[in-house]
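Next up: just one chain, as structure tokens, the form predicted on its own.
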Amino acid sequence: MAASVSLSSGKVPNSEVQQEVKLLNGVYDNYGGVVVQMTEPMDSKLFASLLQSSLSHWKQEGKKGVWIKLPIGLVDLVEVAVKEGFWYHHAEPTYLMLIYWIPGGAHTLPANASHRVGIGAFVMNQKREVLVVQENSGRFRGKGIWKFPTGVVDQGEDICEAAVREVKEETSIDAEFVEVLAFRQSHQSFFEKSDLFFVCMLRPLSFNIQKQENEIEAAQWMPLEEYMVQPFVQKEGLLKYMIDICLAKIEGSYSGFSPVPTTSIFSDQKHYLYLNAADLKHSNI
């Protein structure tokens, strides 16, 4: 949804003549909307005039949603847009996205992203020891609680890649992703967003632990049975289910979801479909 920043001209109907007016240069999207990407500084009064003319022109053309992307350097134009009826859609470190619904009333513009995605990594060696850490920040700080490595999936990062990265960052252990064993959805979490948490199984490729100094208080290989009897694990329903699932996987009575590379006619980027390949009939996966 990119757009240039220059101005364009549009013809406004008049009873006698066709007037040429300056408009903000926007790109029409596939949903009857307009996307304007501002990059150059502009006087706020000029911006207000151009915005009013543009909204009138786009309304005559039957457009619906208007998206204006304002970089952080043009923050002085935010007030102008809000006074014209725009509202915030989302913000990133370098820009703010504002939207407007030309028809009025209830709009059908897509909402901002509603979820954050996290992972928990179950990593066990051949000695039946699991990789665990103690965090030196957050709600577990100073409580002596051993837990699986966890973290948040970065933008543009796949779940399987995030699990491998988090294990490496927290413990220096190289690991190979095996499966998504389960996932949990919760709500009213980080900044009132919902949360998707994926329990992932990884196979260790190295075994010498070097903990991350900034976030990790301690890290070690712990016998699975010792981890299971921790009071925290016994009291936390989610962790008890996680252990049951991990045990079932080890015993061969449970199959999780493996990442399978896929393609799309809409994008050249690599995507993964997570599926139960073991039970998929008549498959070459």
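One rule holds for the numbers: they count along the sequence shown, beginning at 1. Here the structure is a predicted model, which is why all the values come from computation and not from measurement.
There is another form of this protein, the form predicted together with another copy of the chain, and it is not shown here; the text below is about that form.
Among S206, Q126, Q210, S114, the residue placing a heavy atom within 4.5 Å of another copy of the chain in the model of the complex is S114. Out of the listed residues E217, E236, E61, E226, E236 is the one that sits within 4.5 Å of another copy of the chain in the model of the complex by at least one heavy atom. When contacts are judged by a 4.5 Å heavy atom cut-off, G142 does not count as touching another copy of the chain in the model of the complex. Of the heavy atoms in F183, some are within 4.5 Å of another copy of the chain in the model of the complex. Of the heavy atoms in G256, some are within 4.5 Å of another copy of the chain in the model of the complex.
Remark: Y28 does not count among the residues lining another copy of the chain in the model of the complex, judged by a heavy atom distance of 4.5 Å or less. Residues S253, Y254, S255, G256, F257, V260, T262, T263, S264, I265, F266, Q269, H271, Y272, L273 of 253-273 are found to place at least one heavy atom within 4.5 Å of another copy of the chain in the model of the complex.
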